[in-house]
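One chain comes next, on its own, written out as structure tokens in the form predicted alone.
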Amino acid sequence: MTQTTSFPLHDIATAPDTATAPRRAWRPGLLPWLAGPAWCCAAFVTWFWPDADDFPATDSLAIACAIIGIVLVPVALLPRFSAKAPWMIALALGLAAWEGVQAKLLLLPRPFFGTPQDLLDVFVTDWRKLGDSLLHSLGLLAVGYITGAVLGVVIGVGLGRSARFRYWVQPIIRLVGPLPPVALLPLAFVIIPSSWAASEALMTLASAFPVIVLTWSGISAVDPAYYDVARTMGARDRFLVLRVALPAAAPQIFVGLFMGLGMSFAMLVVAEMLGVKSGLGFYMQWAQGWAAYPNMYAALVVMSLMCTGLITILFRIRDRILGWQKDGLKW
């Protein structure tokens, strides 16, 4: 006679299921409350540790760090701040380390490596030139990128929908598209008399190629059943493109738009350094020529903020347009 072992059902019911149990969210604990003291420590280092040289705006930098530290103390009560607290602490510690290494000990060669005071002094004294350069860069970038994006979508739709159009245009795209736009810069300045128009043309080319390729790929990947259903309901070609093909290919089109924006950034800086006599790239070249390296670093900071802001705006537009596909988006 075989003896069987029975297990209590309540033990099985209460046992944790490691496969399906949700992971516990990371709780930062006291980490948000350390952001304010970290910035106060940076202010302490800046104020009480004597400078190794006569640097400008040391007092202003210390006051600014102290104000940020005081503001972050009540901000730690906000739930959303928990995710940003590690970065705020890292920025404060990085600033304090930079201040100690360069402003207090002068361990890095000058003038190639400035101090936080030098950078702050540039923003305080030269903000008009930086703002004017930013506006010129935004204007130059907007025209070239928007033109390239529109042309890229139109050409990509034509390649994906028309065999005759694809027969004539595809060899040109394969021949010209992979060329780095920077390599065409001397030729563009010779053919096009205006440096501004030449830069716009090259930025249009830089942004258009990835949009063309990704739009073409997205249009070609649309399920033919979608077209068949629309045709049975009397849809014409215009409806098929605007209401069937483009919405279905929109995720890939936005990938091309992001890639085109990145290529436009690179082309913008090169064009401003070599041809256009305005913008952040021209400002950086001017600063480097006069060995004003803090001004160059300030232009890099403004350029980084500009690029990050534009990418964030494009993400917001994508989320707005593709709200109906939000569950399927993985990036």
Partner chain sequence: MVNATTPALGILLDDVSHGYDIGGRFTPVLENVNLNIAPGEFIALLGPSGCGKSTLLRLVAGLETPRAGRMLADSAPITGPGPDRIVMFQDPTLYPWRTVRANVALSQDISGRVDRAAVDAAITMVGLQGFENAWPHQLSGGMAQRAALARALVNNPRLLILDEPLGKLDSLTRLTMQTELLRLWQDRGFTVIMVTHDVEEALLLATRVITFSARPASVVSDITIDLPYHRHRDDPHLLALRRDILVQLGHSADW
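Here the structure is a predicted model, which is why all the values come from computation and not from measurement. Positions refer to the first chain, counted from 1.
The following text describes the form predicted in complex with the partner chain, which does not appear among the structures shown.
Q: Heavy atom within 4.5 Å of the partner chain in the predicted complex: which of 187, 229, 107, 77 fits that? Just give me the one.
A: The residue from 187, 229, 107, 77 that makes the contact is 229.
Q: Taking the partner chain in the predicted complex as the reference, which of 127, 87, 239, 168 has a non-hydrogen atom within 4.5 Å?
A: Partner contact (heavy atom, 4.5 Å) among the options: 239.
Q: Give a yes or no on whether each residue among 233, 244 and 248 has a heavy atom within 4.5 Å of the partner chain in the predicted complex.
A: Every residue of the spot touches the partner chain in the predicted complex.
Q: To test your reading of this chain, name the stretch in 221 to 229, 206 to 214, 176 to 184, 108 to 116 whose heavy atoms come within 4.5 Å of the partner chain in the predicted complex.
A: Correct option: 221 to 229.
Q: In the predicted complex, is there a heavy atom of the partner chain that lies within 4.5 Å of any heavy atom of residue 309, even though the partner is absent here?
A: The answer is no: residue 309 has no heavy atom within 4.5 Å of the partner chain.
Q: Heavy atom within 4.5 Å of the partner chain in the predicted complex: which residues of 275 to 290 meet that condition, in order?
A: Nothing in the stretch sits within 4.5 Å of the partner.
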